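Alright, two takes on the same chain below, each alone as C-alpha cells: structure 1 and structure 2.
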Structure 1
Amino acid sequence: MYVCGPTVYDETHVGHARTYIAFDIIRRYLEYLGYNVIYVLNITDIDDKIINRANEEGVPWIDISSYYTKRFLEDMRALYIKEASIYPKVTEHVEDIVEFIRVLMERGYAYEANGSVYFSVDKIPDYGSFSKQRIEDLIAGARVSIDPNKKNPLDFALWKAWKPKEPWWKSPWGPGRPGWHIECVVMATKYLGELFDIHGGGQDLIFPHHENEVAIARAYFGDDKFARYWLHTGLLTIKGEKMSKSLHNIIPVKDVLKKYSAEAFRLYIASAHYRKQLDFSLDAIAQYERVLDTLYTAHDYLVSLIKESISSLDELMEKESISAGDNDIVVKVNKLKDEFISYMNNDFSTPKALSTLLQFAKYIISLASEHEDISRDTLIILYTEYIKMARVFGVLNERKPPYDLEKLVNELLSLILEIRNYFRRQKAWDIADNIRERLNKLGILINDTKYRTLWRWSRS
C-alpha cells in the first residue's frame, strides 16, 4: 500500500487523522486476513508551504520540516496508528526523481522551459478520465492563473526552477526542486514496484494530484501498471467546510487527545464509512468512550475467567493445540467472525464491523455473568478471536491494569484484614480463621497483636 503522506509544515489535524486512521484500519484488516502488508507513507518535506512558513518565521526550511515530521510521527503513535514499513522523504529521493524526469523527457512526455520541466498532458489521450472530468472544464479552471512557460494550461511542473530564498538541488536543467505529483510516483514504485495493490489518499487529492500521478505513471510504465486499486477517504469537515489550515478551522490531534482517549477517537472515526464525508463533532466522541468501556469490560472479565482457570496465561498461549471447545459458544464465535469478515470484505464497512465487535463484547459479558462453566479452551478461543477483531480497529492496547500493582496488593490486604477483624468482633472465629489460612496459602502471614493486625510475606 502507498498512502500520500503529509506536507510537514504544521500540526497534524483531525482531518489528517481521519485519513490515516482509516488506512490504518484497512491495513490492519488485511493483516487480520493473513496478508503481509508493505505500507509506504511518504513525507513531503519540501514544498511551497514549508518554504513560506520558514520565511514567515525567519528560520531555515529544514527546521520546519524536521520539527513537523517529528510531531506527525508522535501524533501517529499517540493514535495507535501502526508504523509504516517505510517513510520515504522527498529530499532523500531527489536523484531518483531527476532520473525519472530525464527518462520522461527522452520519451517526449516532458519539456523544459526556463529551468523548469513540465509534463505534457496532451501526450496522454484521455487525461482527466481518472477524476472523471471533462478536459474543457479542466482547461477553463486552469486558465485562472496562466503560467507562460506551459504549452497547455493543464501541464504541470515536474521540476521547479530555483527562485531566491528557496532550497535547491542539482539537475540537468539547472538548480531547482521536484514538483509534488512526481514525488509520489517515484517513491511508490521505488519501494513497491511498478505494479502494486493499493494507492490511497484523501478525496481532495483525486484532482489534480492523483490524476497527474496516473498520467506520469502511464507515460513511464505503460497503461496497465501502477496501482491496482485506488482508495479515497471522504473529507472530514467542520460545519460543512473541509478542515484545512487555509480555512483556519483546524483542530489539532493533540487538542482532541487532551479531552478524549485515542481509542475512543479511533472508534468514532471507524463509525463512519471511510469514503463518506464526516462532519466533525468533538462531543460525539464521548459516546465512544462508553463503547470503549464495554469493550474493555468484556476483555477484563474474560481475562479474570482465564486466570481463574489456569495458572499462567503465557503457558496456555504456548499450547500447541486447542480442543474444540464448547460447541454452542464456538458456533457463535464463528458466526460473529464470518459476519465481521463479510462486512469488512464489502469495501471495508467499519460501521457495521464495529457493531459486530460490540455484539461480541456484549456476548462475552453475558457469558461471564450467566454461563456456569466455560472450559479453558473455549475461553482461549473467545479471547484470541475477540482480541484479533478488536485489533483491527486498533483498540484494547491498554491491556495492562492502569494502576500500580504493589499499591493495589497493599490496599486490598488492608481491606481483607478489616473485613476479618469485623468477623472477629462478631466472634465468627471460623470465618476469621479461614481467611487467615487462605492468606497463609498465598504466602501472607498475619499476626493479631493488641492494637492492630500485622502482616508480612512468608520467607519459607
Structure 2
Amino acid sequence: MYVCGPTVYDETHVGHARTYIAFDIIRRYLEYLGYNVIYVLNITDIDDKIINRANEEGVPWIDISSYYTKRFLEDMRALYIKEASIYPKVTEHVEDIVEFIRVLMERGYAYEANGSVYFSVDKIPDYGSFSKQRIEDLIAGARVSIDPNKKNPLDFALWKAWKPKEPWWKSPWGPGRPGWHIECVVMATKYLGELFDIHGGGQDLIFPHHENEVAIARAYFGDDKFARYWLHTGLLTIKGEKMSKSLHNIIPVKDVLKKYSAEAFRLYIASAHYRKQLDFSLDAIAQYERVLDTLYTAHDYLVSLIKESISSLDELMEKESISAGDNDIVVKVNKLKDEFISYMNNDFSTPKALSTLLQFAKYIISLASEHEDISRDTLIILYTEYIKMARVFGVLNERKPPYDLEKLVNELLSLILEIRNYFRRQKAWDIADNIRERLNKLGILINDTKYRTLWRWSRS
C-alpha cells in the first residue's frame, strides 16, 4: 500500500486523521486476513506551503518541515495508527526524482523551459479519464494556474526552477526542486515496484494529484502498471462545509484528544464508510466513548472469567476440551466472525463490521452474566477472536483504570479495616485475625492502638 502523506507545514487536523485512520483500519484488516502488508506513507517535506510558512515566521524551511514531521508522527502514535513500513521524504529522493525526469524527457513526455521541466499531458491519450474530467472543462475552468512557460495550460511541473529565498538542489536543468506529482510516483515505485496493490489518499487528491501520477506512471512504465486499486477517503466536513483556514473551522487532532479518547475517535471515524462524506461533530464522539466502554467491559469480563478458570499451575497444565454445552457458543463466535469478514470484504464496510463487533461484546457480557460454566478452552476462543476483531479497529490497546488508583487503594483499605473493626467489636477474633494475616501477606502491617487502627506498608 502507498498512501499520500502530509505536507508538513502545520498541525495535523481531523480531516487528515480521517484518512490515516481509515487506511490504518484497511491495513489492519488485510493483516487480520493473514497478508504481509508493506505500507508506505510519504512525507512531503519541501513544498510552496512549507517555504511560505518559513518566510512568514522568519525561520529556515527545514525547521518548519522537521518540527511538523515530528508533530505528525506524534499525532499518529496518539491515534494508535500503526507505524508505516517506510516514511520516505521528498528531500531524501531528489536524485531519484531527477533521474526519473531525465528519462521522461528522453522519451518526449517532458520539456524544459527557463530551468523548469513540465510534463506534456498532450502525450497521454485520454488524459483526465482517471478523474472523469473533460479537458475542455479543465481549461475553461480556473483549475490550473497560468504559466507562460507551459505549452498547454494543463501541463504540470516536474521540476521547479530556483527562485530567490528558496532551497534548491542540483539538476541538469539548473538549480531547483521537485514538483509535487512526480514525488509520489518515484517513491511508491522505488519501494513497492512498478506494479503494486493499493494506492490511497483523500478524495480531494483525485484531481490533479492522482490524475497526474497516473499520467507520469503511464509514460514511464506503460499503461498496465502502477497501482492495481485506488482507494479514496471521503471529505470530513464541519457543518457541511469543507475545512479551510479561511473559514476558521480547522480542528487540530491534539484539540480533540484533550476531550476524548483516541479509541473513541477511531470508532467514530469507522462509523462511516471510508468513501462517504462525514460531517464532523465533537458531540458525536461522546457516543463512541459509550461504545468503547461496552467493548472494554466485555474484555474485562472475559479476562476475569479466564483468571477464574486458571486458579493454579496444576489446573493450567490440565488438558481441558470444549464441553458439549459450549458448542452453541463456538457456533455463535464463528457466525459473528464470518459476518465480520463478509462486511469487511465488501469494500471495507466498517459501519456494519463495527456493529458486528458491538454484538460480539454484548454477547460476551451476557455470557458472563448468565452462563454458569464455560470451559477454559471456550473462553480462550472467545477472547482470541474478540481481540483480533477489535484490533482491526485499533481499540483495546490498553486498560487504564478510570479512577485515581492511589485514592482507590486507600479507600478500599479503609473499608477493609472498618469491616475488621466491626468483627473485633463483635469479638469475632478469628475473622479479624484472618483479615490481619491476609493483609500482612500483601505487605500491609496493622497496628491496633487505643484510639484507632493504624497501617503502613512493610519495608521488606
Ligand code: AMP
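Structure 1 provides the reference sequence; residues are numbered from 1 along it. If you superpose the two forms and keep the largest set of C-alpha atoms that fall within 1.5 Å, you have the rigid core. What you see is a predicted model, and the numbers here were worked out from it, not measured in a lab.
Novice: Have a look at both and say which one is the form predicted together with ligand AMP.
Specialist: Pick structure 1 here.
Novice: Relative to the superposed rigid core, does Arg424 relocate between structures 1 and 2 - that is, does its Cα move 2 Å or more?
Specialist: Yes; Arg424 is a residue whose C-alpha shifts (by 2 Å or more) between structures 1 and 2 when the cores are overlaid.
Novice: Answer yes if the CA of Asn434 moves 2 Å or more between structures 1 and 2 after aligning the rigid core, and no otherwise.
Specialist: Comparing forms between structures 1 and 2, the Asn434 CA shifts at least 2 Å.
Novice: Just checking, between structures 1 and 2 and with the core aligned, does Asp448 shift 2 Å or more at the CA?
Specialist: True for Asp448: a C-alpha shift of 2 Å or more.
Novice: If I align on the rigid core, how far apart are the two C-alpha positions of Leu415 between structures 1 and 2? Answer in Å.
Specialist: Spelling it out: core superposed, C-alpha of Leu415 shifted, distance 3.7 Å.
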